[in-house]
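Here's a solo chain for you in C-alpha cells, the form predicted on its own.
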C-alpha cells in the first residue's frame, strides 16, 4: 500500500527565553510557522478505524506516489502534496504577518467574533444550500436535516466556504438529476475543497407553473426558470403556453421571487409549490414535469467524515487520476478491481484534469499527439468498513497517480412519491 500524507503544524519561537515555557502571556518576538509532512502507512486496524480521527487519517485521505517538495522560500518552509493535491494546487491559507519598519507586528488576540461554535445540544444545525427560499435545494436540506436552520447561498462555492469557515455546520448540494445528468460544477468543487460526504438525499422534482394572482395562462408571454427546469417541462409548456418565450434564470425559486418583486403580469415561472406560497403567486398548472420519475440527488457535506459501518447499506465516493502513459487500460483495471469483488458501481464521471488537461503521446519516429487527461469520479455500493472495499482501493492505488476518498456514507433508502408536498 502506498504511503498517505498528513500535515503537522509546528510553531517555532525564536525567543530563547520562551523555550521552556509551555504557556506565557508574553508574546514571542517572532513566531515562524513551519508546515512539515510525514509519511504514514495506510492501514485499517481491525478492519476499520475505531474513532473519527483514526478514520480520517487512515481512509478519508488517500494519496499515492506523492513526493514531498521542498520550498525553502516564503512563509511555509515545506509544502508537499496533501490530500492528493500537488504542490502547485495546495493553498494552506497561511497569511503573512504584516511588518512595521522591518519588524514583525505582534499577533492580534482572538475575539468572540472570530469563533463560531458548533450548535449546542438541542439546537438546530445550520445547513447551507444554493438558491433562495423555496428552491428544491432548501427542500433537500429540510429532508436531510429536519428542523435545521437553512442558510441560502447565491453560489455553490459560497455553500462550500460557509461550512469551511464555520458559518454553517453542513451543506446540501445537488450532484445529479435523473434527466439533466451531472452538475459538473459541484464535482469540481468537491475536489477543490476539503469537505467530506456524510450522506445523500433524493428529492422528486415537482414543477409548477406560477404567476401573479389573476393572471390567466393565455396572457403569459414569457416563461422564466432555470434552464434545467425549462428543459424538463418543455412538452407541457408547448401545450400550456405555446406562444410564450422562454428565458433562462439562475434559479427556479429566484424566478418566482423576481416576478413577485417586479409585479410582472405577463410572465410566469417554473418552480415549486412552496415558491408560490412564499412569494404570493398562484399555481396555473401543477405537476408539469414531462417525466414523473424526475429525481435530483443531493450530497450532504461536513467538515469531518463519519465513521463507516456495516449495519446498513453504505455508498462510497472516490476520485482518482490514472497513471501517465497508461491509456485506457488503466480504467479497465480499476473497474475490474471492483467487479472481481462483486462491488456494484452506481456512477462513474470523468472530468478534465485541471492541473494537467493534456498529455503528449507518441515519439519522434511516429509523430506525437495530444490526448485529454481526466479525473474519474466513482460511486460504489460498499462501506469502507468492509474488507472487500479496502482491498479494492488497495488494488486501485497500484494503477493511479492520485486517489482520494470523498466519503463513505449511508445510502438514501427512504421511499418517495411524486406529490407537491415533497417540495414544501
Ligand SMILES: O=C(O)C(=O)C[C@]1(C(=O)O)C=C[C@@H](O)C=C1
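Residue numbers count along the first chain shown, from 1. This one's a predicted model, so the numbers in the text were calculated from it and none came from an experiment.
Unshown form predicted together with this ligand; subsequent notes refer to it.
Taking the pose of this ligand in the predicted complex and superimposing the nearby C-alphas onto this chain, the site is open, with no ligand atom within 2.4 Å of backbone or C-beta atoms. Proximity to this ligand in the predicted complex holds for all of 135, 156 and 296, with the criterion being a heavy atom within 4.5 Å. Within 4.5 Å of some heavy atom of this ligand in the predicted complex lies at least one heavy atom of residue 183. Looking at residue 305, you'd find every heavy atom of it more than 4.5 angstroms from this ligand in the predicted complex. Shown alone here, residue 161 lies farther than 4.5 Å from this ligand in the predicted complex, counting heavy atoms only. Under a 4.5 angstroms non-hydrogen atom cutoff, this ligand in the predicted complex has residue 251 among its neighbouring residues. In short, of 332 to 340, 225 to 233, 260 to 268, 279 to 287 it is 225 to 233 that has heavy atoms within 4.5 Å of this ligand in the predicted complex. Among the residues 205, 144, 197, 220, the one placing a heavy atom within 4.5 Å of this ligand in the predicted complex is 205. Heavy atoms closer than or equal to 4.5 Å to this ligand in the predicted complex belong, across 157 to 188, to the residues 174, 177, 183, ordered by sequence position.
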